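In structure tokens, the next block holds one chain alone, the form predicted alone.
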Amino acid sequence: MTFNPNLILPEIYQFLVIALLFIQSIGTAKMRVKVGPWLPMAAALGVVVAVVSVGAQGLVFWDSYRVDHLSQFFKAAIAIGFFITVLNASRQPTLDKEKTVDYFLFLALSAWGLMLLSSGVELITMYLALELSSYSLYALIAVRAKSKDAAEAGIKYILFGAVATALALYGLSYILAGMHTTYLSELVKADWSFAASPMAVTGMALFLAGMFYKLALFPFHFWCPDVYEGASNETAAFVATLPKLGAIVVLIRLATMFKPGYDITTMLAVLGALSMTFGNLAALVQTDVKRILGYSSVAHAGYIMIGLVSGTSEGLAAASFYALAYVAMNLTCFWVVSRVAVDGRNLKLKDLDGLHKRAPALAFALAVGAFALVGLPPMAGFMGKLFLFSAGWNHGYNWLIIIAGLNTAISIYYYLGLVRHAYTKDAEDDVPLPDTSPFSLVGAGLLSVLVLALGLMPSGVFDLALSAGGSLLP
């Protein structure tokens, strides 16, 4: 086996960051609190390394690890997301100073696991990468000083995660028994209709359950709003975005096996419709901002299913583009939530009252994020949904596009509710002032520009996603 380390530069760089954090975590008490000066710069350099490596291609580790356009696209997205979450978490008011290094160590480990997941093309490799990412998150969610809700959220995430893991492992054994291989390059040649391979199809449905759990797709969503609510705002920002990229890249690779009309493809479409409808209806009655974003993520998991069931490279590209847009939109909203909740509390809708007077830039960023999540032009969400709906139409699932359109109309109420509270209501006198430092405002401005840029100039990123999707299909 010849091995070219240039193929896995983003993973090697991320591992070096983890090694430095580990050394710091076992150092003196003085060393353990000095993460802020170097980690954001290291994370920014990681983005450069990932972007430079976008064109790399090859197979390593006995063909179980593929470096291709798809994996590099998602690694770049993960690196960008990691950089933003590091910046966001660097001013975390509910994080004890002595736990700072450990917190960022687990954050970096989880991102590294997701990078490995992006390139996994063998089921056991994918499973191990998923677990590496998940175990780091189990520790992170409970880290919120003096909060019993955080401990409860951590326990829920562990218990539900253990069930999802057991289902995935059980399904993997069925696939191996039915198909006699765990390599995707062999599995893609098989007949995945239930009539031809009932055991393997059953196993694949169970294996997919583990991915659905990460994606918070109905009915594997029940942990999502509670965990978002219990975790700190900054941790919720990470949990709500990057792990979903890992789940989506795996689902995109697996979706190449399923043609429109297969039982398992129909199951994905039905779950997508249920996820959209349940997520949007449940979000309508929420008053906690993080619970709104939690149920919103359930709905968005359903939208992404449209691209996966289309069976075309355009559909897979649309799912990839929407995943990136969703991360940008959600991180924008969570950035505002973190900066408004300067004391680390959970925000209610009324806490956003009068935000346009107290912090106009944050109010604008919240409006950009909310409008984008609705799918209004010229935001990233509009172009993402346009790509998804165009790719899914005329492939046997027109009914799914109609349901998605109706759900988009329903979602307008609660997304615009965020903006309504920020711009049309007056704040009470005793509301804590939001963080209006240059750090806060520049971050909000850059994230807003990113969301707008993905909506106004999507062609470059979509062409990259199209190249990634097209390389998977014969």
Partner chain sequence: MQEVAYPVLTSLVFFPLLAAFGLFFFRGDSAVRIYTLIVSVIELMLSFPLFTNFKLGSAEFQFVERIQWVKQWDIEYYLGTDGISFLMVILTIAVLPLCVLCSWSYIQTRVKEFHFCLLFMTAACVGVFTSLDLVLFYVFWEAMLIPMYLLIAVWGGPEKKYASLKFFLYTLAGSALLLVAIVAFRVVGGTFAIPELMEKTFSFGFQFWAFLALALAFAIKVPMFPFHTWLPAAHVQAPTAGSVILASVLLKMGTYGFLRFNLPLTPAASEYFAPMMIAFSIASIIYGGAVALGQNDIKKVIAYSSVSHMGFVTLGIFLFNLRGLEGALFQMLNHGIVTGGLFMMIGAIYERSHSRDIYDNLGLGKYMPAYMGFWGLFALSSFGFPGTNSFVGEMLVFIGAFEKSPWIGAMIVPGAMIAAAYMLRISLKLAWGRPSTWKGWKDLNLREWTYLAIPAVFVFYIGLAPGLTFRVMDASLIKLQNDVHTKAQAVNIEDERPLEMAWNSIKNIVK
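Positions refer to the first chain, counted from 1. These figures come from a predicted structure and were not determined experimentally.
Only in words, not in the display: the form predicted in complex with the partner chain, which the text now covers.
Heavy atoms within 4.5 Å of the partner chain in the predicted bound form belong, among the stretches 61-69, 47-55, 442-450, 410-418, to residues of 410-418. Using a 4.5 angstroms heavy atom cutoff to the partner chain in the predicted bound form, none of 127, 171 and 290 count as contacting.
Note on contacts: among 371, 220, 83, 335, the single residue with a heavy atom within 4.5 Å of the partner chain in the predicted bound form is 371. Here is the short version: of 177, 402, 342, 163, the single residue with a heavy atom within 4.5 Å of the partner chain in the predicted bound form is 402.
Proximity of residue 387 to the partner chain in the predicted bound form falls within the 4.5 Å heavy atom cutoff. A residue is said to contact a partner when one of its heavy atoms sits within 4.5 Å of a partner heavy atom; residue 394 meets this definition for the partner chain in the predicted bound form. Put simply, residue 382 is close to the partner chain in the predicted bound form: some heavy atom of it is within 4.5 Å.
Using a 4.5 angstroms limit between non-hydrogen atoms, residue 406 touches the partner chain in the predicted bound form. Annotation for 339-365: the only interface residue with the partner chain in the predicted bound form is 356 [heavy atom within 4.5 Å].
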